[in-house]
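Only one chain is given next, in structure tokens, and it is the form predicted on its own.
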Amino acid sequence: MEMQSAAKGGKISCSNCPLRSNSHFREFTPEELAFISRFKTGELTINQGSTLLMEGARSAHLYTILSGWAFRSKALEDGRRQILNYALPGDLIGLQGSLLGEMQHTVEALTPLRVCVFDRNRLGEIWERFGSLAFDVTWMAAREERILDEHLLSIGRRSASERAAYLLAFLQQRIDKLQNLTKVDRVLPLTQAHVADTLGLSLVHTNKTLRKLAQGGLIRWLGSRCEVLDIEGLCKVAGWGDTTPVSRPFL
């Protein structure tokens, strides 16, 4: 089931998309921009905690996050959950369902979310008419695979402290690439339960691990949010460095 509501404040034209002013995202050619404007069917706002896409469901749409955070997860029958990754502005959601018929994971709004909506039935036109956009979609899928590779390495081989340091550094570096954010926006909107479900640790173990990082002056935990104080220190603990290109595509 998709839980959504119509976007308030009117539809933002693709030519005035706020993401286009961010140097982290590549610019479109006039022809690409015209096509994406036709490809886009509208916008939606999703309340915090609501489900955008459900595992096993079929959706007629693709989504690009315009503002807010979401996360992808899978769950066992008894309710135990594994958070796979987090989605931020510029990320494409629903490609898996478009190509494989149904979603293999759930997408939930971590914060209030605003997304652009695309008709998945027109996805094939990208490959037929715009090789550059087809490359972009392939790049985004490959990037997601690379991120999941790193997350799997973290769960399989990093210690609890290394896992937590990697996750927080990874997310902080992602939002640091998004311009025009306020100080509040730059605070990670995570509860310790989200961290535990991402790292594959118990809530008790997660609490002890985060407290250790906080005592080391690397983070400050703010109830249901986390402020990163020393990203270089987190990277050093995790043995990880960001390799994302300066400019990346989006739809």
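Computed from a prediction, not measured in an experiment: that's the story for all the values here. Counting begins at 1, following the sequence as shown.
From this point on, the text means the form predicted together with the DNA, which you will not see here.
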query	finding
The DNA contact at W221 in the model of the complex, heavy atom, 4.5 Å	yes
Close approach of S67 to the DNA in the model of the complex, 4.5 Å, heavy atom	no
Any non-hydrogen atom of L201 within 4.5 angstroms of the DNA in the model of the complex	yes
Q192: touches the DNA in the model of the complex, heavy atom cutoff 4.5 angstroms	yes
Partner-facing stretch of 36-44, 58-66, 23-31, 192-200, counted where any non-hydrogen atom is within 4.5 angstroms of the DNA in the model of the complex	192-200
The unique member of L171, A160, L110, L133 whose heavy atoms fall within 4.5 Å of the DNA in the model of the complex	A160
In the model of the complex, residues of 30-45 near the DNA [heavy atom within 4.5 Å]	none
